[in-house]
Each structure stands twice: as C-alpha cells, then as structure tokens.
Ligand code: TRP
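Only one chain is shown below, in structure tokens, and it's the form predicted on its own.
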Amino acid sequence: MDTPAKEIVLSGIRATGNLHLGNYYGALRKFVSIQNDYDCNFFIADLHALTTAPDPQSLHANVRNVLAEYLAAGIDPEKATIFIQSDIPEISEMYLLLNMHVGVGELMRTASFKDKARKALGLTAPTSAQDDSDEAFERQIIGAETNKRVNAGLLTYPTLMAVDILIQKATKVPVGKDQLQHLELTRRFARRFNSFYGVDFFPEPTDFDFGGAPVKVPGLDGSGKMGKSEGNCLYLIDDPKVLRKKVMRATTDEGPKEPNSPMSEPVANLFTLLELTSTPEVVKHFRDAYADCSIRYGDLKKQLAEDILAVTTPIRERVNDILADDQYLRRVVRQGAEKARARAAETLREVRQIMGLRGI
C-alpha cells in the first residue's frame, strides 16, 4: 500500500533583518514541531525584500543570517525544504503570468498596500472611513510629490506571495493576522485561474492552524507586538549585555497601589514574556508579588532577562557556528533549491500549457 502524500506546508520570511523572539515563539518553534508530519517548505523571501530597495550588501547578509537562524532554531534540511526565493527562477516567470489574471483595483484596495504606500509617500493615515475610501486613496497617490514614488513591486506584492504558494501547490500556509488578506487573495487568484481555463489545477490554500491560542509576543515599548519596524525587538542573536540592557529599559508603570490591581498593558506585556520563557514557579512568584503590591520591577526584569537568555544563548551560539561554515550553508541552499525547483518547474510547465504558451 502506498504511503499517503503529506500535506504541503509553505512559509517564508522577508530578508529584512535578524529574527526576534516573536518570530521564534510565533513561528519557528511551531515549524520545528511539524517538520516530521508535513511536507514543509520554508524559504527566505529576498525578492519580497526588494520592495523596500535594500542595500545589496545588507540584503545578502540578511539572507545568510535568516538562513542560519532557521537552522539554529531547529529546522532540519533533511526533513524540510529550505530555500532562497530568488534561487527559484520559475517563481519570477509565473509571477508575470499570474499578474495577467490580477486586477489593479483589487491590489490597490489591499490594506497593506495602502499603509505602505502612504508611508513611502510621507502621507498621513486616514482619520475617517471617508478619508480611507478608494477614491480618496487614489487622489493621495496621484497628488503625491513627484520626487517620491510607490514601486510597482509593492503593488503586486500579493501576486508574488500567491505565486510562492501556488507554484509549490501548498495547501497549508501559516500566516499572521496582517497576512490573512493576502492569503484570501491567493485563494481568489487560484479560483479565478481554474475558472478561466476550466481546469481543476490550483488547490485553494488555507491558514495552518497549529491548535490552541495564537502566540502574540509583545514588544518592550509597552504596546503592540514585537516587530522589526517598531524597534521593540529582542533578537535571537543579541549578546547578553545588549539583551539585558533592552529588558531593563522596557516600559513599565509606577506599580500597583492597591492589592489585586489590574495590570497596565506594559506590565501585562512583561508578564506575557515571563510566561513564555520562565518556569511556572517564577511566574507565580511575581504574580503574587504584584497582587500584594510588593513587586519590584527591577527584580522582575532581571529575572526575565536571564530566562530569555537561557532560550536565546544556545541559538545564538549555533548561529555563529553555522555562519562560520560556508560549505554547509551552500550545501543547504543548493539542496533546498533542487527540491523546490523540481516542483516549481513542473507547476510552471503545466501553467504554460494551460495558458496556451506551447510554442509551435
């Protein structure tokens, strides 16, 4: 009896900097936990990173760093396919072909494009639903200063993301809340292609549900989640001195004035980090201290820093070892590219056939 094919999982991360604690708890640990049971494909999205026009040297270094951090966190290249997006030229060709079935209007209406376009043009965020209408947005874009621009790659970002998924025939795609709209667009594009050509070719991917409540890792600035653009990160490669300093500077408040007072958001964020990285006994100790107003935030932060270091230090040390082994890194990406290209090339060949690009 044939062994049933494993479901195909795909996830990528932009090569825009080092990975942080939010990436680790929100994604990497989960990826490691599923790599035995699924056909896992994890890639470094260097083409997506081009939408922000990065310095070429920095982009190359970021690709190496993210690759090393993937491996150091426990993703096994013998179990999962790890590859660099630009190593798969079939992605770029299919990006062009799929764009022939994508409307400019639906791309301009995506929330992420509006946000990033306004940021690129130095425009203020809308203050009302009327100001955020499609017509108002188009007027802002057209009326923007001529020395600023929104590149076409930013507009067609959802198409490229869809191609990443569809070219591998992935059915499970772990995405954050801010990417759900892009995943729904991928499903729409797949349906549209299948309907237009009268084929049942592309599967419609769904969000990967790992089970349980999603992990939201807060930043150190008192609000929101940990993110590179927010500048509130604890990076997996932060050395002990840097990490301790960041944690000690984390936003707090004046402390509870009455027993069992509700926590402010900054303090609740620190306890969230504590629950992720510390033992239940440590968490209980500080929760009890908060409840009876005896808590000292300095002691909490010192304990939190040491517990985070217990998680990140082994990863940081493995990252340094991996980055020093160029031969191993080249072998991993070569092996990953071969596996990813095999499926991508077959998908692209069939897409060309379906679209009538068959030659003479």
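Numbers follow the displayed sequence, beginning with 1. Please read all numbers here as calculations on a predicted model, not as lab measurements.
Same protein, other form: the form predicted in complex with the ligand, not shown, and the subject of what follows.
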property: Heavy atom within 4.5 Å of the ligand in the predicted complex - residue from 202, 290, 235, 157; result: 157
property: Listed residue that, although the ligand is not shown, lies within 4.5 Å of it in the predicted complex (heavy atoms), from 348, 340, 10, 19; result: 10
property: Option from 43 to 51, 59 to 67, 304 to 312, 321 to 329 whose residues, in the predicted complex, bring a heavy atom within 4.5 Å of the ligand; result: 43 to 51
property: Interface membership of residue 88, the ligand in the predicted complex, 4.5 Å heavy atom rule; result: no
property: The ligand contact at residue 165 in the predicted complex, heavy atom, 4.5 Å; result: yes
property: Proximity of residue 171 to the ligand in the predicted complex, heavy atoms at 4.5 Å; result: no
property: 4.5 Å heavy atom contact, residue 175 and the ligand in the predicted complex; result: yes
property: Residues within 4.5 Å of the ligand in the predicted complex, restricted to 187 to 204 and counted by heavy atom; result: none
